[in-house]
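Here's a solo chain for you in structure tokens, the form predicted alone.
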Amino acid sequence: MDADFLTDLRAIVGDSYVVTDPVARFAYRQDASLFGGTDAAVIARPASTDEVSRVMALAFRHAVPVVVRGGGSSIYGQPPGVPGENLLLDMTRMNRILNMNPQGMTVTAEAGIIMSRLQHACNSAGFYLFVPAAPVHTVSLGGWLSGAAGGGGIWWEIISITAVLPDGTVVRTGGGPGTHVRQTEAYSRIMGGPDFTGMFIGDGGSFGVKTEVTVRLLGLPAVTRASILVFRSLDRVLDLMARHVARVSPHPFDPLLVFGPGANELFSADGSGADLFTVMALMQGHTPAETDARRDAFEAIADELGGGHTPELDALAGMMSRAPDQESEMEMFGLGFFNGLGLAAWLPFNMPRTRMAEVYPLLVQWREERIAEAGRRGFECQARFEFMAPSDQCSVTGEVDAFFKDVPSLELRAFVREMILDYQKFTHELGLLDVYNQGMMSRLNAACWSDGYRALYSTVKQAIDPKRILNRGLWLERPPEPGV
């Protein structure tokens, strides 16, 4: 790395926040995935949009490749950039809440903030913010918007993004200060110009460095009711799902989670759930009357379709219910739960709800064949975990994961990596799309693009990033060899 470049970089972010030490850099070569982090020559930790802008302008002048990292929660790896030559931007210093606007019902935060911290601040102010179920304590706001299908479940509420383009230009999207310099408050996503906010959601970090985000909020629901039933037929579960989303939107206050036979084996000590689907519906609202009515309507449909009650599940549903002003500390299926199951082969899916009956059994069959192969190689599968949920009226998201006994074996890790990649190739052959726009998955998704979509992406990327410095290795690009 050029000495003058490093001098200028230290002048921007401060000497304490520029790292070239090999030991510190090595830590960034890892992330939460089996696919690795980024091999960087230098790490910088900016503290503001202005610092990010100046850093990007400096990198652009010197044609230095830049990779951006939030919480490091990817399951498909970081952008590789140019290994050994990258400037890695660690965004975790940018973790402030800039404005909580109770009257306007928005919150503006820096993109490096961890989602659990942002959620806690919103809850404390009396507002609801949807957050991811598992990596809530590690994933950053910017990373989630970039990589997890545009922040699966929150993209509806994003009304403004401040992003720094590869040449250092600062862009603020959304109806408000971005499209009207006399307006001080971001209050609409689409007013005053094209919806450029959407361009930076789910881009994997390809178009710009997200530094600030404004999110529209909802009132924090004071009442929770739950209904948990068991079904022996996937067809009945899908009928229930269709009738549920025809009545209400599952996001954000009426989520419906379905756990498959593998998950039920974990829930039942005697293995009695091995052929069951467990359906858990949550109804969150502001008054007992409205929330009870939604629960009763759901249970009437579930009973009509043959859903079964058990004393244990009814008791659990009662525990999950919450009255006004009553705290609920139940957190289900966080990373701690999954980490206890073993080394994870994450096998997610997203598909049109209308294809579930056709495709879902094929995914489970594919997993079972690979588990059998693992057994022949001497690798022990300790657990299976299947779940699915309607993310809206049209689509279903879920996973058919497998967990292996974690032993110190490079061969096991190679097998699980290969299993994850082969599964995604299989699902893409079936026409499915993965929910993560990250690392190697971005390239696999892009391999299925139409010619027109490919041309549009290439045109926008070339216009914004003509020197190809930002997050190389995403979508259509493969990382070049060092020195190329």
Partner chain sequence: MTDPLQSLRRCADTIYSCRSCGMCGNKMTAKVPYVCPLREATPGFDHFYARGKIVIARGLLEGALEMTSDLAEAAYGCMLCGNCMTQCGATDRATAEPLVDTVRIVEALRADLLRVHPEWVAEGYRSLLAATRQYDNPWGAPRSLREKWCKGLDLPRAPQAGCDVLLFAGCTIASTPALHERARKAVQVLRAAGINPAIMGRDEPCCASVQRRIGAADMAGDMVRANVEQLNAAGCSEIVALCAGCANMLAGDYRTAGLKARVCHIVPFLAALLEQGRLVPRNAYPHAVCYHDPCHLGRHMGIYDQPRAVLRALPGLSLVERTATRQNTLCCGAGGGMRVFESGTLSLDIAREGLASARKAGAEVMVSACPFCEINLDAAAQVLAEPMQVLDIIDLVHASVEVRG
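All of these numbers come straight from a predicted model, not from anything done at the bench. Numbering follows the first chain given and starts at 1.
Beyond the structure shown, there is the form predicted in complex with its partner chain, which is absent from this document and is the topic of what follows.
The closest non-hydrogen atom of residue 45 lies within 4.5 Å of its partner chain in the model of the complex. Within this chain, residue 22 lines the site of its partner chain in the model of the complex, having a heavy atom no more than 4.5 Å away. Contact check for residue 444: every heavy atom lies farther than 4.5 Å from its partner chain in the model of the complex. In the model of the complex, its partner chain stays beyond 4.5 Å of every heavy atom belonging to residue 458. Partner proximity in the model of the complex, defined as non-hydrogen atoms within 4.5 angstroms of its partner chain, places exactly one of 63-71, 49-57, 431-439, 448-456 at the interface: 63-71. In the model of the complex, no residue of the candidate spot (248, 348 and 475) has a heavy atom lying within 4.5 Å of its partner chain. The partner is absent here, but in the model of the complex a heavy atom of 340, alone among 102, 361, 340, 378, sits within 4.5 Å of its partner chain.
With the partner omitted from this view, the residue of 92, 287, 183, 169 that lies near its partner chain in the model of the complex is 92 [heavy atom within 4.5 Å]. Residues 90, 92, 114, 116, 117, 120 of 87-126 are found to place at least one heavy atom within 4.5 Å of its partner chain in the model of the complex.
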